[in-house]
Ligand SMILES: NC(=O)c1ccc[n+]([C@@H]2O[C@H](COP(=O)([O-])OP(=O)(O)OC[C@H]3O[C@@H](n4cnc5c(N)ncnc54)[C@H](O)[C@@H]3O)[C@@H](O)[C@H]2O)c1
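Starting off, we have a lone chain in the form predicted alone, written out as structure tokens.
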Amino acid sequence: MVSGVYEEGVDVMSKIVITGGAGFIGSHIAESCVEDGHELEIIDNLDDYYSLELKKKNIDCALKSGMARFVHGDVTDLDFLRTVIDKDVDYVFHEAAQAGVRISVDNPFKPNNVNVLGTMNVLQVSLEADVERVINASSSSVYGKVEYLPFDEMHPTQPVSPYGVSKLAAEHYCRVFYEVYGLPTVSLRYFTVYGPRMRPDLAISIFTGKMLNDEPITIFGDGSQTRDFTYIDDIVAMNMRLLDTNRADGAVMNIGSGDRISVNDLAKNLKEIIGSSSEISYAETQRGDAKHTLADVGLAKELIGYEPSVGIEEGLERFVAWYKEILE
């Protein structure tokens, strides 16, 4: 299925392909691409991991510009990718993945197939097409076991979930394709991204929806576990910056807020913002969940001038305002 057309007579800056462009992060990057005047091909397999209706709305955010086209396909299909990533493509944002730490524990084969084989396919086709750069979406899940905080890029990588293992393997393939084959690649380790259009199965989305209805919420574990939550605008800004610099080629960089909050405090802050009377209960810790995450963003600051711009309080307020708006 192909939908969307390019607006004739419009000058474009670069031709960009984004895999996983119907997802939360991918769709925000897609919007930014068309706003900046780039010609865009959005690839997504529309996996039913969560609502297809939400994914189609995400795609429409970019398609309405007239500068984007949607192509239904899967990164695990090498021949398909060759029909989209060709010699006309300048950059590839690789956002497609089987997300979800917990789902990877139940089925480790799917994230390996999508996140490892899929990444290899994207890299191989990008190499054949001589693209200028592949920007790969990685994850703080590659760190896993904590030896010290904050995590810098030299921290040992001992993932505690199959998802984390698959993202680490994808990073290494990106590095090898740069070092061995000369394909410019950058991997960005995202730290718990949140914001408008975020996946409905993530804690902030779940908590907000229930708190707006004063329904009880459940925290897995005792709530003392901490997360470095990163607002979507900061993620998008750093992806777009990589279109303009080669200083980070071959690198792996943390993109986080550089701050952390416990899940208990997260729930408390949301209750205060919403004015909710939701009660909190606790359940057994989920397998594969990391205990703590916190990003050292010094390398990203040095290489691409990264400065986190949205703190957790402001980010939560923005998210709640958006969530209320879509309910109206």
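When you see a residue number, it is the position in the sequence shown, counting from 1. Computed from a prediction, not measured in an experiment: that's the story for all the values here.
Unshown form predicted in complex with the ligand; subsequent notes refer to it.
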property: Segment assignment from 264 to 272, 297 to 305, 283 to 291, 25 to 33: heavy atom within 4.5 Å of the ligand in the predicted bound form; result: 25 to 33
property: Contact assignment for the ligand in the predicted bound form, among 257, 138, 208, 161, heavy atom within 4.5 Å; result: 138
property: Answer option from 108, 223, 250, 73, heavy atom within 4.5 Å of the ligand in the predicted bound form; result: 73
property: 4.5 Å heavy atom contact, residue 45 and the ligand in the predicted bound form; result: yes
property: Residue contact check: residue 165 to the ligand in the predicted bound form, 4.5 Å heavy atom; result: no
property: Interface membership of residue 193, the ligand in the predicted bound form, 4.5 Å heavy atom rule; result: yes
property: 4.5 Å heavy atom contact, residue 55 to the ligand in the predicted bound form; result: yes
